[in-house]
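Given next, in structure tokens, is a single chain: the form predicted alone.
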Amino acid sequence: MMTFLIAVGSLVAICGILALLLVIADRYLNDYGICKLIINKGSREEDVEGGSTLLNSLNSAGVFIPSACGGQGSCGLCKLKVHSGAPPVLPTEEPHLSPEEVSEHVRLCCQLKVHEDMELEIPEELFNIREFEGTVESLTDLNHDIKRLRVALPEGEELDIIPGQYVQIETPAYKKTPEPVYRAYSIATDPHDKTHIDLVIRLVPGGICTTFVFEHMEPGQPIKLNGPYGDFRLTDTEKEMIFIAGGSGMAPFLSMLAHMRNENIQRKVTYFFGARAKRDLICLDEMKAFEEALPNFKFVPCLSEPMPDDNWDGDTGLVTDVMKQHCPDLSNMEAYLCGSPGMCDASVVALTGNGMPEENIFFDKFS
């Protein structure tokens, strides 16, 4: 057994070293010079240094493309039409592109390297995305592995958000990344506060951005962010609503509930928050305050694996099962989900199983 583990470990190490050498060789031995990005038939042109990804090249030129996974090729959001200058579709792009998109030259710009001039088609609304260099105002522990990051925007700057949207924050180069990378986080801010951005960030073991936030970030540090992005938001109907999320998926619902309180929106809403044990719960005092301010709001925390000393007398089980027990008929309701693809997919099955039309389900999947 030990021999097998040593062999696997050696193979992984060799592959890692080879991958690192390829990255270094591509970065330092291949000189692509200055390349031109020709945007929207020449209405805008940007000269960029060749060799980086199209996503990073556009970011450096002040054009911010949505990318919830920060350029890892897993979210599939950073789609653009690339009419020339790109190689054939890469294997890492194929799962995210339909045959119609391929025929229309749609590509994932996080996977493409800029090696020559490119002709691009970028939706006009993306030019309205703004970048700020804010200041870390505070980092607050919400539980053992989740922090609330509060960023103050530069003096005199304001940002209007729609509750449910997200921003991308930049992790600067440090020991885990040779170059800055971006990660997307839902905004938890009260939309009345236009001078701050609040984010709820859960530590991902080995994660580039979350490790930086948890181990290296301190109040007073500068931090770059851009946005807002996304169309996850409340509808303007009067339908009763269900929120489902756990962990850092609470972020957009903090903003939505603040919006409902600010605007005296009296729609009935039940928020099912899933956690494993009591130590994983967050923002209980804020939820209680929302229940007091919004008579038609109810917060239902549920634990899937409560520990003996939790002394838990609330709901237990998977959040989807608890939701089904509380809401046997969902035919005239709406649902809003925020979490991992697995959690969202399981929730969709549970919701539709109790009669909710699929078009009434809205979600923000983590990547």
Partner chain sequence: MKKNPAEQQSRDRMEPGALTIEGFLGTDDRPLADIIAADTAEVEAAGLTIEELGAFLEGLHKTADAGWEGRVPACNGKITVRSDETLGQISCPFTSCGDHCHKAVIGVKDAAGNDLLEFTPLDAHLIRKHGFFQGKGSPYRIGPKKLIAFYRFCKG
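We call the rigid core whatever largest set of C-alpha positions still superposes within 1.5 Å between the two forms. Treat the numbers as computed from the prediction; the structure is a model and nothing was measured. Numbering follows the first chain given and starts at 1.
What follows is about the form predicted together with the partner chain, which we do not show.
Peer 1: I'd like to know if residue 207 sits close to the partner chain in the model of the complex, meaning any non-hydrogen atom pair within 4.5 angstroms.
Peer 2: Contact with the partner chain, yes.
Peer 1: Check residue 72 for me: does it contact the partner chain in the model of the complex (non-hydrogen atoms, 4.5 angstroms)?
Peer 2: Looking in the model of the complex, residue contacts with the partner chain include residue 72, since a heavy atom lies within 4.5 Å.
Peer 1: Residue 339 versus the partner chain, in the model of the complex: is there a non-hydrogen atom within 4.5 Å?
Peer 2: Residue 339 belongs to the contact set for the partner chain.
Peer 1: Would residue 49 count as a contact of the partner chain in the model of the complex, using a 4.5 angstroms cut-off between non-hydrogen atoms?
Peer 2: Close contact is absent here: in the model of the complex, residue 49 is far from the partner chain, nothing within 4.5 Å, heavy atoms only.
Peer 1: Would all three of 140, 149 and 188 be in contact with the partner chain in the model of the complex, where contact means some heavy atom lies within 4.5 Å?
Peer 2: Heavy-atom distance to the partner chain in the model of the complex: none of the three under 4.5 Å.
Peer 1: Only one of these stretches, 274-282, 189-197, 132-140, 258-266, has heavy atoms within 4.5 Å of the partner chain in the model of the complex; which one is it?
Peer 2: Result of the contact check: 274-282.
Peer 1: Using heavy atoms only and a 4.5 Å cut-off, determine which of 35, 319, 55, 335 is in contact with the partner chain in the model of the complex.
Peer 2: Checking each option against the partner chain in the model of the complex, the one that comes within 4.5 Å is 319.
Peer 1: Can you list, in sequence order, the residues from 144-160 that come within 4.5 Å of the partner chain in the model of the complex, counting heavy atoms only?
Peer 2: Heavy-atom contacts within 4.5 Å come from no residue here.
Peer 1: Is residue 239 displaced by at least 2 Å at its C-alpha between this form and the one not shown when the rigid core is overlaid?
Peer 2: After core superposition, the displacement of the residue 239 C-alpha between this form and the one not shown stays below 2 Å, so no.
Peer 1: Superpose the two forms on their rigid core, then report whether the C-alpha of residue 194 is displaced by 2 angstroms or more between this form and the one not shown.
Peer 2: No.
Peer 1: After superposition on the rigid core, does the Cα atom of residue 177 shift by at least 2 Å between this form and the one not shown?
Peer 2: Residue 177: C-alpha displaced by 2 Å or more between this form and the one not shown.
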